[in-house]
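Next comes just one chain, in structure tokens: the form predicted on its own.
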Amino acid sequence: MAMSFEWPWQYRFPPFFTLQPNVDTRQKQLAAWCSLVLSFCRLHKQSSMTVMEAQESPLFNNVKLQRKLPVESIQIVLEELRKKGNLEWLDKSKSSFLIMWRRPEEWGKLIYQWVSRSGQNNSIFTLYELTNGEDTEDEEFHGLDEATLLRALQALQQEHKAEIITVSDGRAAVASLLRLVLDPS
């Protein structure tokens, strides 16, 4: 089921591609950019990219308008996303990043719900099975990148709902995924 992306009205408005000097206007503009980035990445299941890839992608480059958000402005938008907990820089030079349209805890909750619904508590899964297996094809976490998946599983492990084990080749596998913790109240 292919979905098309509906660009917000601002994307068709040339001044959107120039950060505005007025503080109130800029805050609204940054909020619109943050929403656009998260929606676009969510639809395309894109979780990591470089700043240069971002600048050339349709996200920040409206070919029809012949307008492109400058790299300095892209950095400001990305930093705003980082402050909100939706972005993590992958290097010290801030040239590549992980975009999180869901927080790791939210991904963990979705995985937990799937395991519970499918009756697979205390089963062992490989990371590949969780994100690429036939059983998860209809789940939102299907196709999730490994870095985000590991963060989600670590969040579950902190809640004592999953155990991550590493096999001899250094790859991670998930064991005892979702020992249900039942609240007696």
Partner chain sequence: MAILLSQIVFIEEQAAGIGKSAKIVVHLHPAPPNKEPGPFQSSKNSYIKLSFKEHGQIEFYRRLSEEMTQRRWENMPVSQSLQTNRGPQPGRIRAVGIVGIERKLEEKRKETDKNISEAFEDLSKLMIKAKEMVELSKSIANKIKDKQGDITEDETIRFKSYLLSMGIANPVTRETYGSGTQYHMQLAKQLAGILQVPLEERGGIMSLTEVYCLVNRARGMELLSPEDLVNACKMLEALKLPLRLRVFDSGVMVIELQSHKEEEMVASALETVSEKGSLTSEEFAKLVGMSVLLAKERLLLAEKMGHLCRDDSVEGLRFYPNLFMTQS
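Positions refer to the first chain, counted from 1. Source: prediction; values computed, not measured.
There is also a form predicted together with the partner chain; it is not shown, and the following applies to it.
The candidate spot formed by Q55, P58 and N62 lies out of contact with the partner chain in the model of the complex, as no residue has a heavy atom within 4.5 Å of it. Although the partner is absent here, S35 is not a contact residue: none of its heavy atoms lies within 4.5 angstroms of the partner chain in the model of the complex. Using a 4.5 Å cutoff between non-hydrogen atoms, R67 counts as a contact of the partner chain in the model of the complex. Remark: K28 counts among the residues lining the partner chain in the model of the complex, judged by a heavy atom distance of 4.5 Å or less.
Along 9-34, a non-hydrogen atom within 4.5 Å of the partner chain in the model of the complex is carried by W9, Q10, F13, P14, P15, F16, T18, Q20, P21, N22, D24, T25, K28, Q29, in order along the sequence.
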